[in-house]
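The chain that follows stands alone, in the form predicted alone, written as structure tokens.
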Amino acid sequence: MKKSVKNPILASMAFAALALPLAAFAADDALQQKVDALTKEVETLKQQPGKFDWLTIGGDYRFRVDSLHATIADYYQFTGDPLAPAAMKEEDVKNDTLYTNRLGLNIKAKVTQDVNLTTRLLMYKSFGNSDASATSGTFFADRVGQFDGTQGHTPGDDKLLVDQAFITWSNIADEPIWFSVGRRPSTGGVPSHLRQNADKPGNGGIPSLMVDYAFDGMSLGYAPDIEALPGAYGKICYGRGFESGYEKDSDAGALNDMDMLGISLVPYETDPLYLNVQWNRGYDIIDAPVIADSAFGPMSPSVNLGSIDWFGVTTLSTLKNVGPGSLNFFVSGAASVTHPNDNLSGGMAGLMYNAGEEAESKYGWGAYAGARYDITSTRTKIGAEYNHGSKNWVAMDHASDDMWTGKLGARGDVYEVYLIQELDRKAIASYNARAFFRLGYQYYNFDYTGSSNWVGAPQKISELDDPMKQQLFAPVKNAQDLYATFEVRF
């Protein structure tokens, strides 16, 4: 027989004691369901891009002042009549103060999985001038005016120009293969980024001794995972340097397009050692670019002169904890070999030879070495560079960041020293945002005429007192540039 609980208070307490664990268990279950739901939502959000996670915006601004001085040698000026050259006496040329603005905007969009769009816009102009006349002259072929290969890299007007715009498709077929096409990152390559205080270019870059030229083109690359070769990759590159347009069947001797093909191998890339081996060929080299308003007036190509091969090797090393900082140093060497046809520009000059000379291949070479020491505690960077080009050296460095002419295309010696001082301020705009001053000095000592030019035979500058060696460009025998900048990167 069951016994009943007579006391109602005791009965309630007993019921409550039994019910409390059940209620607690129910509350825990509901809470766990909410936690699970929230966790699921968070995981879902993690897999979805934020409103602007797909877009990265950055850029830079540079104020620069240059003080430029040079000496032109005695020579005979070509006047259009080979029988009547004009005798020119040695004279100095200068611009004591040239101020310039350069603004760059970088935009990168993650379009879809494995597909990115990269763009860089550039505005580069002189103070008080909205065309290229202030920095153009009749001294060097790459500085007679602004053209497709140099736009945005030499001072012009105040318009933002498209310096880079290319699509990259990565992980093709789930392999470390990429394909990229558009306006290429073919300027400011390794190791010239050191003196610019810029980040080292990625696998889209190209050694600066051989090419510093704005190209439209494409590349196909492969980066195998080889334990003994960290960072190794290779790529095939193609670019178009001149588009000749329509051609009718009746057009005899019409211009061909000028194209560039290259193979770049980086068998090893770490901080202590970067190694690049490169071959390029320029096909159907033209005698002049299209320039609407050059120092000689409107210019356009008239003939294809042949082809040029380039072979080069570049090494770069960064050693950390060397004294109070890090040491960066590099060595780069390249050779150029011309393959001329019988065409003459203006009936006077072919690919590295003059009318009346045999159209034969010319071999030239260039060398480039330097170092930069970074003092960590003070954010000071001190650098020095030297390069030499032989008599027949040809470089495609027309877009280099040098006022007189692309120094790596010089036929002679060029010395440069510089000091970079970064401001000790916390980065805000991005993790590597920085502001810095740069002070530098360049000295050119030219041995032969025709630096940064492949039309005509080079002549020794000290032997131009012969009317038969008349020149179209005023032969600069030495030049100096004392420059200072104030720059920001974000």
Partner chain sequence: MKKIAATIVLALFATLLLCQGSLADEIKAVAVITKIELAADGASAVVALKENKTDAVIEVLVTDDLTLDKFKDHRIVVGDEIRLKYQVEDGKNISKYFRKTAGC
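Residue numbers count along the first chain shown, from 1. Treat the numbers as computed from the prediction; the structure is a model and nothing was measured.
If you look for the form predicted together with its partner chain, you will not find it shown, but the lines that follow are about it.
In the model of the complex, D257 stays away from its partner chain, with no heavy atom inside 4.5 Å. Contact annotation for G104: none of its heavy atoms lies within 4.5 Å of its partner chain in the model of the complex. Taking non-hydrogen atoms only, D96 never approaches its partner chain to within 4.5 angstroms in the model of the complex. Looking at N171, you'd find a heavy atom of it within 4.5 angstroms of its partner chain in the model of the complex.
None of 123-131, 221-229, 246-254, 296-304 except one has non-hydrogen atoms within 4.5 angstroms of its partner chain in the model of the complex; the exception is 221-229. Taken together, the three residues F166, E175 and Y233 all come within 4.5 Å of its partner chain in the model of the complex, as judged by their closest heavy atom. Interface residue among N203, S345, T71, N197 relative to its partner chain in the model of the complex, by the heavy atom within 4.5 Å criterion: N203. For the candidate set D309, D216, D271, D148, a heavy atom within 4.5 Å of its partner chain in the model of the complex is found for exactly one residue, namely D271. Looking at 101-115, the residues that come within 4.5 Å of its partner chain in the model of the complex, counting any heavy atom, are K110, Q113, D114.
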